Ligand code: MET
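The chain below stands alone and is given in structure tokens; this is the form predicted on its own.
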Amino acid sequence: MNVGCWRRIESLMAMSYFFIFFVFFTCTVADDSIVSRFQEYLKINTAHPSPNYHEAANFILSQAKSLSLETQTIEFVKNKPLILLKWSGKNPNLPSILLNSHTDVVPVEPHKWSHPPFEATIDQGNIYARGSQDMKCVGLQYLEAIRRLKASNFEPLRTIYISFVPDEEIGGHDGAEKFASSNIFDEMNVGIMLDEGLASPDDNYRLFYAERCPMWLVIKATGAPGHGAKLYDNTAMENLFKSIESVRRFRASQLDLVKAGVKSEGEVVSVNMVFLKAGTPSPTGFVMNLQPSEAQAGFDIRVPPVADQASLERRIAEEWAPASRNMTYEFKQKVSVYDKNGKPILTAHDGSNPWWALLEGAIHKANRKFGKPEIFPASTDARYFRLKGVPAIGFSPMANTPILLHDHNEFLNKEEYLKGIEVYEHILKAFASSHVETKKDEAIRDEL
């Protein structure tokens, strides 16, 4: 081979190396910008009891402006802004897609964190911040996926809405609940909505089709006060302890089902005692020689839609707090697992729900994996939309990640965060391009 040929080969190789370096450099810069935007959002302190909602809203609106999305700021309750963004589809008559996330986060104990919880510090590739998993990651991943789709000149067939709601961590009553019950939501004609899920310790993403509903129970026992040395029946404390022991046995039976692999955590009734209140206060603590006339305990109960809620309520009345033992009870919150027609509140995850198949296909196309459909073990804003008859899927693309929501040192690896954006890009493309007919599509067609 002559010298000219070698020179041409060397020139081509040099150009190839330059191209590879250019692509690598460009991707690195783009990824750094994506992560920086995530960090900026995480640094906004939206922890209860005083979430800085307006700063979060301004940040979201600035991102929407950069993406040329339509914006609407709604305050169902003063100083609790709900931000609604819109990417109009080519066929506005088709049911739309709603991507929901909440802007608030739970309180922190900063001295128990290895990194300040609102500085979004990156350490060995992990982004430490309150909200990194629950769920500021998802809200920004929606927007970054839309940014990529717009850059590729993708045009959605269906309209896409993105909602950033307040107060999820304290029940969602001034946020998602009022939103789902509003005329604004009705006019959006939502056919499918996505909300938060959970991290997965392995490489299978977790998909949730329902969730457990809260029954916050307070049991109260009463009895005659007595000397601390006296033994007699039906004291308030003894009666309450009998109830606590009964609750403990039930809790153990449910936990045994999970430990044995018979049921998943979301399929059993969870009961956890959250407070115990009794005793007669004194300047130095409590009166030690006086048995109190009242005692009460609080329990956080979560009921899956596959459980018999009526049977559980009978157990509470007859076994946990029977009137025959001078006991009463009340629910601080009780959410039914049934809709207005008496059917369990859940989203179909079989062939009857085309959205579920589209979601699974999109995840496969992104070269990711997912596990068996699950019931979310706690409660999310999705319940308010399922009550309206809207299919809702809980999904947070966080694989190979410890579950740290509400925990100290909450973090999300930046590579997992970036992978999640790619997954949402595939999901949104599949959903927004879909011609499949849902029940709402059929109803619209019949009207036309």
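Please read all numbers here as calculations on a predicted model, not as lab measurements. One rule holds for the numbers: they count along the sequence shown, beginning at 1.
Form predicted together with the ligand: not shown, discussed below.
- Classification of the binding site as open follows from the superposed pose of the ligand in the predicted bound form: not one of its atoms falls inside 2.4 Å of a backbone or C-beta atom here.
- Of the candidate stretches 322-330, 112-120, 234-242, 371-379, only 371-379 contains residues with a heavy atom within 4.5 Å of the ligand in the predicted bound form.
- For the options 338, 250, 154, 216, the one in contact with the ligand in the predicted bound form, meaning a heavy atom within 4.5 Å, is 216.
- 171 is the sole member of 361, 298, 171, 354 with a non-hydrogen atom within 4.5 Å of the ligand in the predicted bound form.
- Judged against the ligand in the predicted bound form with a 4.5 angstroms heavy atom cut-off, the residues 302, 383 and 406 are in contact without exception.
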